[in-house]
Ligand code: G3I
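A single chain, nothing else alongside it, follows as structure tokens in the form predicted on its own.
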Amino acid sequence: MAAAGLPLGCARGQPAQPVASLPPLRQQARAAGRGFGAAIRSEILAADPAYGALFAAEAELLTPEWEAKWEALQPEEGRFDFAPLAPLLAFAQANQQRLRGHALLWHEAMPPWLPAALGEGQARARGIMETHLATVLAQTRATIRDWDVVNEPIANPPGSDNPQPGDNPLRETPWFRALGRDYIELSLRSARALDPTLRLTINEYGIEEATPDAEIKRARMLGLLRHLLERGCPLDALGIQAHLQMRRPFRADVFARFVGQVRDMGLAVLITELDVREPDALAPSIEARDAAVAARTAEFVGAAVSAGCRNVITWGLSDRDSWLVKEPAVARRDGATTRGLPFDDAFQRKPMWQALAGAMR
């Protein structure tokens, strides 16, 4: 690691090594006993060789952005389609990468038939869930060894975006309405029975920052994890999405304490969807903006790593393809391109890349 106060790649008495010449993130992370990766999209991979080359060089872990969600894998009841996922499996194998599964149960990315079918009674809902898990896990057993079994189960409390009325700590999704709070335990037990060595992960957002609503959500998550483990439910890891928002405060000690509490339960902690949403009022220059994003990244990832997190996955690699640019719900209203990923539109390394390298090392 660079000496304190010196640029990455610079030792005392030596000139700084150009950032472009430094080893890729996957290599630097692996040298430190960690893993780095990113979410990837098959349609861009098929159309853009430079996109594929970037992912092959920089990422050891890959998460399909859409290709492993329910609407992709089972668009019609009983008709499974693994064709969109197949190119990512082949790409990962060709480049010595590991593919994560995302996500088996979620309240979004549901095909039109699914919510109505879940409302047809508990036995019907459980049968649908078990059939999907059995088919998907059998098909991907040789290639995916870590799945987000349940995605975003915790309710947003008052003060957060899209809060859920009432005091139910769990999000009242179609799965919750069909099977009650036990849907989480049922899905985890089913997945373990189908594949005894699969890493089972619960994935969640909104638990990173130093705000009252995030504190409530962290407490709710800890309560869920304790409940599951006390019942002997199989669970291996918590995924923390880390869609960071710079308009919200962050405290490294608060977040590291939470990660430590999860680790003390015997669970691994993964950063699964990292990107940084810039504040409402942008800094006056690209350089200043990038420096601010890098500083938040270094502080956050440094806190996670210090508390025992070993894997960091960003939600994409380049600003060009980020959901922070493409998705109207999170894109900037002033039309500026959010610079929240480690590579710019031209696939050049940014200060955020340097922050990730330093924090993971």
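Predicted, not measured: the structure shown is a model, and the values here were computed from it. Residues carry their position along the shown sequence, with the first being 1.
The discussion below concerns the form predicted together with this ligand, not included here.
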message: So this ligand isn't shown here. In the predicted complex, which residue out of His243, Arg199, Arg126, Arg189 has a non-hydrogen atom within 4.5 Å of it?
response: His243
task: May I ask you to choose, among Ala268, Ala109, Leu194, Leu228, the residue with a heavy atom within 4.5 Å of this ligand in the predicted complex?
output: Ala109
query: Does the 4.5 Å heavy atom contact test between Asn151 and this ligand in the predicted complex come out positive?
result: yes
task: Decide whether Lys69 counts as a contact residue for this ligand in the predicted complex under a heavy atom distance cut-off of 4.5 Å.
output: yes
task: May I ask you to state whether Glu43 is within 4.5 Å of this ligand in the predicted complex, using heavy atom distances?
output: yes
query: So in the predicted complex, does Glu65 come within 4.5 Å of this ligand, heavy atom to heavy atom?
result: yes
message: Whether His102, Trp315 and Trp323 jointly form a contact site for this ligand in the predicted complex is the question; each needs a heavy atom within 4.5 Å.
response: yes
query: So which of 212-220, 156-164, 235-243, 136-144 is the stretch with heavy atoms within 4.5 Å of this ligand in the predicted complex?
result: 235-243
